[in-house]
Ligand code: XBP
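Below, in structure tokens: the form predicted alone, a single chain.
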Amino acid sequence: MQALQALIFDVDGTLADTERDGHRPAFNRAFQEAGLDWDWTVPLYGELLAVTGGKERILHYLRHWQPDFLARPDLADFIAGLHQRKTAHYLDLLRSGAIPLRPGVPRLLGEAREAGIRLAVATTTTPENVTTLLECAGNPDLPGWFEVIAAGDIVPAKKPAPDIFVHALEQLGVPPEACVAIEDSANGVRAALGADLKALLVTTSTYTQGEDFSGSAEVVAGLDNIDLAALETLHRRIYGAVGD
């Protein structure tokens, strides 16, 4: 059997609990800036998270809460512009230090790097969001620790489609059975399993507690008590000890 060679992380809710106090207020600031009276409250945003991707989330909101906007001839540009401004506000929040990495994440990343385990990201958020989060996490070298950052629109279909995980595996050049994937949402679980990433750890976040994580290898409340040895144990439990 393959030895553990790589960890593939989701970002939002996994590396950092970004949704409630990061992306949500950034969307609201973009709406206000555009003269819109939309307010994505904490409960509403929880509903909207069923849709992955920021532009896709705006379109879903329009379809269900603001259908009159669907008649705009410039709808695609309108959504893209809102999302662009939202991203700018989100990056400002990251640079202010308002969104730290989740407890246990810096330690786990350090252990993996020291052990020669390769690190990758597979996420629907934009590449700039990922790199800025890492740059502002207290270690300026952290972005360089990740050999692959598969993010945003680099693949045609977003989670729960498996495309972004498949792309990350292709870039790493390793088979799924050499990896552990770390996710926080049901959509992420479906995407990882669709890429045949059976060694899958779910660390629940603010919005994902109580979701259906069927098929995941293990579900935990956070990464505080998860170290590299625990991930290696999970990997062996799924695939069997090397040499068996």
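Only a predicted model underlies this, so the values are computations on that prediction, with no experimental measurement involved. Residue indices: 1-based, along the sequence shown.
The discussion below concerns the form predicted in complex with the ligand, not included here.
Within 4.5 Å of some heavy atom of the ligand in the predicted complex lies at least one heavy atom of residue 83. Interface residue remark: residue 190 is not counted as part of the site for the ligand in the predicted complex, having no heavy atom within 4.5 Å. When contacts are judged by a 4.5 Å heavy atom cut-off, residue 38 does not count as touching the ligand in the predicted complex. Contact annotation for residue 207: none of its heavy atoms lies within 4.5 Å of the ligand in the predicted complex.
Within 4.5 Å of the ligand in the predicted complex, a heavy atom is found for not a single one of 108, 146 and 203. Note on contacts: among 69, 45, 61, 213, the single residue with a heavy atom within 4.5 Å of the ligand in the predicted complex is 45. Comment: 119-127 is the region of 166-174, 119-127, 135-143, 92-100 lying near the ligand in the predicted complex, near meaning a non-hydrogen atom within 4.5 Å. Residue 184 is the only member of 182-213 with a non-hydrogen atom no more than 4.5 angstroms from the ligand in the predicted complex.
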